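In the form predicted on its own, a lone chain appears below as structure tokens.
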């Protein structure tokens, strides 16, 4: 199953939007570098609509106590209810447990159309 969900210019880099592939609600994400990703619009924790969340970054470990580093800006999808975070460039894997991930979809383009399809 595949569906044209929007035009490329409908979603600016660093933003997300809700859409549907047939009857399936999805969240479409566009990273700051312009790449598109699509995931199930339902958090695996307690079912929150991920399209109401935000793209952000994440803290990264350092070797120095009290030193903080922020990375992956615009590549982490944060759940709006409980703050669960998913790496959209790593198959939607949860940051705290990489064995758990959001359902993902294929994204392709037909001219200026963004086409999302279910994985086979």
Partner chain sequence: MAASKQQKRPIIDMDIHERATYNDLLPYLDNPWKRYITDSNWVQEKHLPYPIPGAAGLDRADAKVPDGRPAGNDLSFMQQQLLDDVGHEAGILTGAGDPSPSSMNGWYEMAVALATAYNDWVIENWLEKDDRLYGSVHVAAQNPESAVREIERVGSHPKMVQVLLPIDNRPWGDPYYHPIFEAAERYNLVIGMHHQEPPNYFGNFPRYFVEWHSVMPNTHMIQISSMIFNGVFEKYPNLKLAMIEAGFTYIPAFIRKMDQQYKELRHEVPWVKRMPSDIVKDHVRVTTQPVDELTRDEFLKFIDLMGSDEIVCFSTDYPHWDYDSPFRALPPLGEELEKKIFAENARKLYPKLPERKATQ
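As the structure is a prediction and not an experimental result, all values here were calculated from the model. Residue numbers count along the first chain shown, from 1.
One more form of this protein, predicted in complex with its partner chain, exists but is not displayed; see below.
- 46 is the sole member of 46, 90, 59, 62 with a non-hydrogen atom within 4.5 Å of its partner chain in the predicted bound form.
- When contacts are defined as a non-hydrogen atom within 4.5 Å, all of 52, 82 and 100 contact its partner chain in the predicted bound form.
- Residue 70 falls outside the set of residues with a heavy atom inside 4.5 Å of its partner chain in the predicted bound form.
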